[in-house]
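There is one chain below, alone, in structure tokens, taken in the form predicted on its own.
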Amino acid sequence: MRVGENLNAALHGLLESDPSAYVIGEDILDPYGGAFKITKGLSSRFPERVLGTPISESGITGLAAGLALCGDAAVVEIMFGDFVALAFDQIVNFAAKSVTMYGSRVPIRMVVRCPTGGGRGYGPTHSQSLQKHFVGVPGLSVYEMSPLHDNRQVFDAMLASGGPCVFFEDKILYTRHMNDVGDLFRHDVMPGAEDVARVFLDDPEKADCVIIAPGGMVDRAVRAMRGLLLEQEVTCCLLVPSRLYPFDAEPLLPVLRGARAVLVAEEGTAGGTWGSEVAHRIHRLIWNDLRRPVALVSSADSVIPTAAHLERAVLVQDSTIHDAVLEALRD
């Protein structure tokens, strides 16, 4: 099954199992089924709870927050994640605040889906990775889609949290196969951290380098790991959290302590990033056990070009991760 199909099945399952759940967004109705066909079939099965809307990201998100405030569950599709900036006020100043600002905790079961990232030639305003702008907002959780996490389980976790969540979906993943880590590696769930997937060769606690990356980076990280193993005999363990924020580093410590280097890779640009938050938490916990500070990998400080060769030069590639690992391991 491909990741996009898994996500579509998750939305079907959610609407089937929860009669209070709604899916809201632009052009999500059949026969179109959304810009990336993730909502295909939903409006045919659940016409009263799959709502096509005008082009107004703020209005869509405000409607979803209102439904959630009244006890329903709402899933919003932002057609391209770049446009979530237009909904920032509703997410940060209404939905996230509503959880606690009324004197007692109020469940706000709301998920804002954001197709994100480059690699498809969509240009500067349709290719960004804006995760960092939602990290650190009280009451708001940030998740990212992964080929190593079943989307139904992720949706159940987000809605069970009782707070609004922003769910970033790297567009490149929609056509990738679930649980595909190649022929050299295997993967499992990190013990003590059920939302963290782990990709490794043999013993993850004896890897030379630990790479921490969100779901959209899995393919690139695995290709980098393969090259490092075959060309340099360097072993890596990849950790892929489903929930990016809040981030709990403590369950990862057994793997982190044994590594010669730790690296965080993400597609967004540098400066106030999720990666720097992860590094900060690791440094606070095990600074004396680290052989060197956590290394950070991010895309260039640039708009994202449409031309494929220029886009590749700006965004993080598997070669970027490969070279960063070797640099981090250099004595």
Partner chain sequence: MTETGAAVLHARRADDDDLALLLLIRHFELALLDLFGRGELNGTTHTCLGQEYVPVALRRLLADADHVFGNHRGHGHYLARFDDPAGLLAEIMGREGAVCGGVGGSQHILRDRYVSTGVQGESLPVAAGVALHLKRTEPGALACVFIGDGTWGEGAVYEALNLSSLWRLPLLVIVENNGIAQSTPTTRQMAGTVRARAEAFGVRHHGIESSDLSAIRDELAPLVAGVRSGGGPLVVEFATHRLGPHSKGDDTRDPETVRQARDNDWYRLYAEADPERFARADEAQRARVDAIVREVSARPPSRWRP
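Numbering follows the first chain given and starts at 1. Note that the coordinates shown come from a computational prediction; the quantities given were computed from them, not determined experimentally.
Omitted from view is the form predicted together with the partner chain, to which the following refers.
Based on heavy atom distances of 4.5 Å or less, which listed stretch (205-213, 182-190, 147-155, 76-84) is in contact with the partner chain in the model of the complex?
Checking each option against the 4.5 Å cut-off leaves 76-84.
Identify which of G258, P246, P107, P124 has a heavy atom within 4.5 Å of the partner chain in the model of the complex; exactly one of them does.
Only one option qualifies, and that one is P124.
How about L285: is it within 4.5 Å of the partner chain in the model of the complex, going by heavy atoms?
Close contact is absent here: in the model of the complex, L285 is far from the partner chain, nothing within 4.5 Å, heavy atoms only.
4.5 angstroms heavy atom contact with the partner chain in the model of the complex for D27
Heavy-atom contact with the partner chain at 4.5 Å: present for D27.
Is V303 close to the partner chain in the model of the complex, meaning a heavy atom pair under 4.5 Å apart or at it?
Yes, V303 sits close enough to the partner chain in the model of the complex that at least one of its heavy atoms falls within 4.5 Å.
Whether H177 contacts the partner chain in the model of the complex should be assessed with a 4.5 Å heavy atom distance threshold; does it?
H177: no, not in contact with the partner chain in the model of the complex.
Pick out the residues of 30-44 whose heavy atoms come within 4.5 Å of the partner chain in the model of the complex.
The stretch touches the partner through P31, Y32, A35.
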